[in-house]
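Before any questions on how it binds or moves, here is one chain, the form predicted on its own, in structure tokens.
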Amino acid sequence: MLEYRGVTKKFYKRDAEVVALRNVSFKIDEGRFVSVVGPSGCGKSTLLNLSAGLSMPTAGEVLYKGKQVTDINTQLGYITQRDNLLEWSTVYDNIVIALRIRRMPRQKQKELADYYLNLMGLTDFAKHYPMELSGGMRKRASLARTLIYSPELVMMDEPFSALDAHVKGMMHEELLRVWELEKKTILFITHDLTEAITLSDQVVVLSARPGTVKAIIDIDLPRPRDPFLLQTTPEFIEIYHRVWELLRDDIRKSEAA
């Protein structure tokens, strides 16, 4: 569904060249959950912007369903670190906003909104405003707002990074449950190795800047997964140590830069 072929991305800051990504190549097959991990500043979020057509590679190409991305890619959903809910709109109005932009009939909007409100456990909060929601509920509303217009690929940029540990664990449960039902293709960016291994079919490990692919690790852990129980298993711990060994020196390098 998504492929990076020899992607290099350079930025220029005060006439100085900054290479964010260098010769990055990997692909994401349909229906797979793939996470990207790496030190801060290694170009993880840049990969998402390239996929969305918000930025173009300096070299190489990004392919979506076999076609090069050369403009804004409207076929995917993009969930950023902030939930970006409209504070002056109710949960219901936030969730249906994309359907209104597309001029979908109101009855169809309501049917889809009712389904996703129920799926996310937000039915009783449809008339609430974002300021009245907990952090986890805001994230669920943001996810519902993305899924409701049925994107084929969902990109998530550290969506749970600001949540407390126990709330984050609950969001992992929710996301896995919804993913099992919806079977969307997901590209997930995170600094959290535990999160990446818990959720994913594959983990792409990037080096310190300029980001290059150090390894692609298959996560051969059974599904469905209970995040809390999974993380205590020897298989999980072995994978965690393997990924950490790949990252440790690069994290030290990035912190010293």
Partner chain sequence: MSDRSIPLSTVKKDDVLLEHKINPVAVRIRLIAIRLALFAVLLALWEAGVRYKLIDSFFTSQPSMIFQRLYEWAVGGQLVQHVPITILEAFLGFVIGTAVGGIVGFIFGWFEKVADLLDPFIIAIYSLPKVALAPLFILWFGIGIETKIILTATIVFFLVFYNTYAGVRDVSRELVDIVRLMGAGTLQVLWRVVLPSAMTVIFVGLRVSVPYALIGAVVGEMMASNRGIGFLLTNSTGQFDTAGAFAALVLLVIISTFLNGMIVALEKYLLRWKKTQR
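Note that the structure is predicted; figures quoted are calculated from it, not measured. Positions refer to the first chain, counted from 1.
The discussion below concerns the form predicted in complex with its partner chain, not included here.
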In the predicted complex, the residue from 149, 116, 160, 179 that sits within 4.5 Å of its partner chain by heavy atoms: 149
Partner-proximal stretch of 116-124, 161-169, 81-89, 182-190 relative to its partner chain in the predicted complex, 4.5 angstroms, heavy atom: 81-89
4.5 Å heavy atom contact, residue 132 and its partner chain in the predicted complex: yes
Exercise: residue 110 in contact with its partner chain in the predicted complex, heavy atom 4.5 Å: no
Interface membership of residue 155, its partner chain in the predicted complex, 4.5 Å heavy atom rule: yes
Proximity of residue 139 to its partner chain in the predicted complex, heavy atoms at 4.5 Å: no
Its partner chain in the predicted complex - contacting residues of 56-77, heavy atom within 4.5 Å: 72, 73, 74, 76
